[in-house]
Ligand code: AR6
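First comes one chain, alone, set out as structure tokens in the form predicted alone.
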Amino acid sequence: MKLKLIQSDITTIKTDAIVNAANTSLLGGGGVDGAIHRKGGTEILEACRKIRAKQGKCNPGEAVITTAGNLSAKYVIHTVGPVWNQGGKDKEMLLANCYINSLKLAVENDIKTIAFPNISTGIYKFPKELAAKIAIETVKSFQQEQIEEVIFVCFDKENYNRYDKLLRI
């Protein structure tokens, strides 16, 4: 599995799947979630409503998959990151589960290329350095040859530099 790092807007990435840093409602919000819902259009929202009707909300660490609507990707994998608050090992495990469960869905849906944003580091206030370390270590330890490329997409230069440094170690 090849790892790639870019600084960009995840909604513009052409891959089999992009990952959405969703909230538990799956109905859109701010940040990455809002951008994906806005650019992807109503198809994504309708697919999320169907998932909610079937299973209810999506809990932290879990992931679900929908169409990508008007986006360049084929699918959107929605995962709910943990809110940091006081932190702790349980929050770290929940964040790792976001990556693991997203990658498992990718394998189940024959996805070869997948792009991840910086999950939980915005309004959920997960420490950015720790979140980057968890993201990279979790993806590297996921042994699945079906996935050909994982792209870490950083919206800003600060996160890009952080990931770049960790990927070089």
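Since the structure is predicted, the reported quantities are computational estimates derived from the model, not experimental observations. Start at 1 and count along the sequence shown; that's the residue number.
The form predicted in complex with the named molecule exists for this protein as well; it is not shown, and the discussion that follows is about that form.
In the model of the complex, at least one heavy atom of Thr121 sits within 4.5 Å of the named molecule. Using a 4.5 Å cutoff between non-hydrogen atoms, Tyr160 does not count as a contact of the named molecule in the model of the complex.
In the model of the complex, the named molecule lies within 4.5 Å of some heavy atom of Gly30.
Although the partner is absent here, Ile10 lies within 4.5 Å of the named molecule in the model of the complex, judged by heavy atoms. A heavy atom within 4.5 Å of the named molecule in the model of the complex is found for exactly one of Ala106, Ala135, Ala35, Cys58: Ala35.
In plain terms, the part of the chain that comes close to the named molecule in the model of the complex, with a heavy atom within 4.5 Å, is 121-129 out of 121-129, 137-145, 107-115, 47-55.
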